[in-house]
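Presented as structure tokens, the chain that follows is alone, the form predicted on its own.
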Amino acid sequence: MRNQSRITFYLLLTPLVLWLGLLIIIPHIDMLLISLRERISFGVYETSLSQYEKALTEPLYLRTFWRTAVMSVLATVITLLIAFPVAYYIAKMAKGRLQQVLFLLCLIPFYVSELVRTFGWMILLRETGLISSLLQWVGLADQPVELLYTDATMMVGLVYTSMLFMVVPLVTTLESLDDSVIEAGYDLGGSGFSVLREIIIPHAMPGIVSGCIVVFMLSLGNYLTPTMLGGKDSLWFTEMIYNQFIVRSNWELGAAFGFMLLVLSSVIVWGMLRLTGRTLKETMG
């Protein structure tokens, strides 16, 4: 029986090990090795840190790197500010069928691919789109208004794309908060703000942290939304990675860019966990 249990355990563990090894660990090791070499001539390479030096000294690369980080953090904050009241209403105020309908409405946009959703925003925001026509109809504009290809439009797309991944952990966490605890806070003389600060937010912190981590990762690594909604002037680091790998066939610099993005995301997630005093196990468990 013990041998059978051991064999069963190894059989169940094998797909996970293969998935981690073949799709995550080995490709990342290979990418690291590629980023640490410099092309001398065709088919001739030598080990060097020149790719990282180039990435950290070229103003365009460095500005795009930090711009992507700041915009991703901003998208995460905006998503949290919008998703928290929505999640609170679904979890604590809506009851029965209404709660199910509201949660389903959050899920429906994700029944289609991100590409289709992004095209939907482009149809709404283009010069001949619904919003431009509405502004002209009510007299707020006397000519077609181009709302695409701006940082604001790109931010709308990033928030919209990531909203569900913030709402779901918040709803799950807030549903576990007993209503009697909130009522006790009010009975003891607490105001709405103090109850929110002292009871609701501390209880929802696991959902807040896990949601922020997922949304930040999605925003930082997003390629489609910045490219389609931001246009050529809205620089995004994933677009530079794509250009180095696919357009310029400069795999060494593209791999260095990829590892810089990996290190940045890891550092920011670690800082977020340190600031909130939580561990990754507590957040994801």
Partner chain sequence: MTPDLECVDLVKRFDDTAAVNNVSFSVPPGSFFSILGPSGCGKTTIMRMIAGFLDPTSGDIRIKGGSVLDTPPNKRPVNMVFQHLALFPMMTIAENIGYGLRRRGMAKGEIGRKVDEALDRIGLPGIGARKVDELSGGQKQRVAIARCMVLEPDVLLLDEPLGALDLKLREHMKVELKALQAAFDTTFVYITHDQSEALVMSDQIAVMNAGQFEQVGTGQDLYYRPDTPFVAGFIGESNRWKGRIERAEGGNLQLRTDSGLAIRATGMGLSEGARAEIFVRPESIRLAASADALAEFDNQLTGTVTSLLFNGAASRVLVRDTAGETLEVTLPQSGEFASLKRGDAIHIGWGAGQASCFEAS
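Positions refer to the first chain, counted from 1. These figures come from a predicted structure and were not determined experimentally.
What follows is about the form predicted together with its partner chain, which we do not show.
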{"property": "Segment that reaches its partner chain in the model of the complex - one of 201-209, 96-104, 71-79, 112-120, heavy atoms within 4.5 Å", "result": "201-209"}
{"property": "Any non-hydrogen atom of D187 within 4.5 angstroms of its partner chain in the model of the complex", "result": "yes"}
{"property": "Exercise: S133 in contact with its partner chain in the model of the complex, heavy atom 4.5 Å", "result": "no"}
{"property": "Proximity of L140 to its partner chain in the model of the complex, heavy atoms at 4.5 Å", "result": "no"}
{"property": "Heavy atom of E146 within 4.5 Å of its partner chain in the model of the complex", "result": "no"}
